[in-house]
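As a starting point, one isolated chain is supplied in structure tokens, in the form predicted on its own.
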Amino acid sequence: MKEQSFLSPYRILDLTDEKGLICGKFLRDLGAKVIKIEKPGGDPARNIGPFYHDIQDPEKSLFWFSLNTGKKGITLDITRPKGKEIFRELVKGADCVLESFPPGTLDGLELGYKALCLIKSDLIMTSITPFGDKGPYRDYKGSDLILWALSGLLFICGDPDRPPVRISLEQSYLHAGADGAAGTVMALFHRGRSGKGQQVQVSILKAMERVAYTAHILWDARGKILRRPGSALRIPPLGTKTPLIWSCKDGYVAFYLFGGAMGAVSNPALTQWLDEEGLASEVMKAMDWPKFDIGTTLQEDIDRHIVGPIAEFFKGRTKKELWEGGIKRRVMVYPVNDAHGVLNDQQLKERNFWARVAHTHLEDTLDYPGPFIKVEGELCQVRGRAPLIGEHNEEIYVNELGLSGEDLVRLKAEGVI
């Protein structure tokens, strides 16, 4: 049965590494047939952990699983003459090519955009590179850390009295991959109207600049540099700070101690809650909260009379108790979830966010984040597990390109597939 989805008529060849894998995944979720082309033996991204049951095996990389759901998987060495010949045959039936090689690599293999357009004139090629195809950094290598740093995001991550810190996951590649998917869809739409293909260029640095938008706006609007706030909120003019992240019985919760009108509901409700437990200070009970100004209050007074009692109260309760009690009493306190907490989040469960995906080769079924949008029917969904190495060689090469079984054996022996 043919899939009925947003992109079901389209066929996409995915040559990306970890910098662009999520681009193909999103397009596959939208229904395009995405064929992941790996080097013979498997893509190096299969060696990126974590791994299923901590077994380091290219067929058990959870990183690989998560970014290649639903794709077909074939092996092909596009640097060999026969590999190039086969790739050109694949391009004839494709709508898009996704790639994340250094600029000029495919041109050097005579497989660049202009060369491929001689085979299919309305082809769309989406290229994801650290810095784009132009400019003085064009040929520089760029890791996630480098791109975070250059974008300005690294500067605002961490505590103000310590050096900047990076987010532990390679977020920059995910942002760029999402931009690549959006650009590919726009190019398909444009081709549908004009009949013209085009090359979509994604600079990961540029993608990250958008993520750092708030920092840029602050500079543009006020001429101020956004600095690392850490886990505390500093209020001028005295620079009085209050925690944003608080310890509780089984982890952490987030809570803003706002002054003035912003805390006019939450602060009295929390004070009453503490008072019922005998923990509210006399200052809290006597406070005219709508007129409370944190920024003009001495740090010592804040710590002793307000932050201290609240911290003591939170430490004696679980995240669930504080979350549920906070909703009931209109106190803005909410759990800081770890992965287990996210997986068990009631809201995500009610919206059927998680997708159960069978891995027959593991004799197991795993939970995956669901599609990035919810729409009617099956227009956008997670469409099965990631492919094994060369799993669909026979389907693509024999059933679609017309090669024989003997051809496959020979090409494999020659290291082409």
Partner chain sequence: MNNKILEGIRIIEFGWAVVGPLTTSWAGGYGAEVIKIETKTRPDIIRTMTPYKDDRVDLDNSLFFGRENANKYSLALNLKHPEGVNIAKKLVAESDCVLDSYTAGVMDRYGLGYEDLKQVKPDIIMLSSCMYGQTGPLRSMPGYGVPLTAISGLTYLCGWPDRPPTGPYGSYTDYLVPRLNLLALVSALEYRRRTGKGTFIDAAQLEASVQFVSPALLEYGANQRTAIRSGNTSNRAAPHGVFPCKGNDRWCALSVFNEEEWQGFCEALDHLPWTKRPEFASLSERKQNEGELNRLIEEWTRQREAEWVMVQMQSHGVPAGVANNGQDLGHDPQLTYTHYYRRLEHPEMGAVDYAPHSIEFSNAPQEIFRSPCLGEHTEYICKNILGLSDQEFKKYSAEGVFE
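For clarity, a rigid core is taken as the largest C-alpha set superposing within 1.5 Å between two forms. This is a predicted model, so every value here is computed, not measured. Numbering follows the first chain given and starts at 1.
What comes next is about the form predicted in complex with its partner chain, which does not appear here.
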Under a 4.5 Å heavy atom criterion, is Q201 part of the interface with its partner chain in the model of the complex? yes
Classify R210 as contacting or not contacting its partner chain in the model of the complex by the rule of any non-hydrogen atom within 4.5 angstroms, answering yes or no. yes
Would E414 count as a contact of its partner chain in the model of the complex, using a 4.5 angstroms cut-off between non-hydrogen atoms? no
Does any part of W273 reach within 4.5 Å of its partner chain in the model of the complex? Heavy atoms only, please. no
Only one of L244, A311, I119, L109 has a non-hydrogen atom within 4.5 angstroms of its partner chain in the model of the complex; which is it? L244
Heavy atom within 4.5 Å of its partner chain in the model of the complex: which of A149, A115, L279, M287? A149
Just to confirm the contact call: exactly one of 320-328, 73-81, 301-309, 94-102 touches its partner chain in the model of the complex at a 4.5 Å heavy atom cutoff, so which is it? 320-328
Taking its partner chain in the model of the complex and a 4.5 Å non-hydrogen atom cutoff, the residues of 360-376 making contact are L366, D367, Y368, P369, G370, P371, F372, I373, K374, V375
Does R234 move its CA by 2 angstroms or more between the shown form and the other one when the core is aligned? yes
Spell out whether the Cα of A339 moves at least 2 Å between the shown form and the other one when the two forms are superposed on their rigid core. no
